[in-house]
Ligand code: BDR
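Read the single chain below, which is given as structure tokens and is the form predicted on its own.
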């Protein structure tokens, strides 16, 4: 078994990513840690708990940090709905998370399973940054850290130069990217090119099973946003394709080791992942940047997940 920690700001695409990991037969999800981002942290906890229930339960969900390190929280509820799950009327309240704080759980689990943890981050990096600040040694104890965030090639989805997860807490991202943790970065450009679902694609997925129906129905608000603001043919699933890379590295068909810095000072380019493609800074490469991916393998993994129950 492979051991995962998933750090999430659980909204509609995060939930699909959770389904993929929770139903994978060779993955033990040791913990789901929740951070503020797409929705306030307590709503993200409820969304994660509900998703775990849809997959049979048994995985603990922990509450994490409620705001970015230095900035007020700016949610993405305008993208995912007030409840983060498409505003389709799901019962997303009343569940109790596991005792303990997400940051402590990240530190303790990585230490206990040194060299065995794949850390998958599909939200802002606040929890992970605080964990690394408190226990810097965990950066070298992680086997692999797959980050859904940033842009390898292309443009942003919240401001022209930046992707939301990095933009919402760039100071946290800077700490993580400079920590030496072994990052594979799956930017929004990968989702935009390889993980867009048209109406026909969505119809096929939702007909597979009740879990497929769940994964599609919660994208209602995201579908509208994708069409109206991002000029997509439907909705895209950035967190699931990042999870696919974590589950099967072959999903990433072109990856380059490059130097990546995080912009924290400019309001115009706040949260930009500044990727040095040509080595012009002479800085040592620190991130494996995914530049191309296999849509076919991603879809195989997604369909296998929704067929699992």
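Since the structure is predicted, the reported quantities are computational estimates derived from the model, not experimental observations. Residue numbers count along the first chain shown, from 1.
Beyond what is shown, the protein has a form predicted in complex with ligand BDR; the following relates to that form.
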Legend entry - Segment assignment from 139-147, 157-165, 210-218, 102-110: heavy atom within 4.5 Å of ligand BDR in the predicted complex: 157-165
Inset, instruction - With ligand BDR left out of view, choose which of 190, 122, 173, 85 has a non-hydrogen atom within 4.5 angstroms of it in the predicted complex. - result: 122
Legend entry - Interface membership of residue 238, ligand BDR in the predicted complex, 4.5 Å heavy atom rule: yes
Inset, instruction - May I ask you to check whether residue 38 falls inside a 4.5 Å heavy atom distance of ligand BDR in the predicted complex? - result: yes
Legend entry - Members of 12-41 lying within 4.5 angstroms of ligand BDR, judged by heavy atom, in the predicted complex: 13, 14, 38
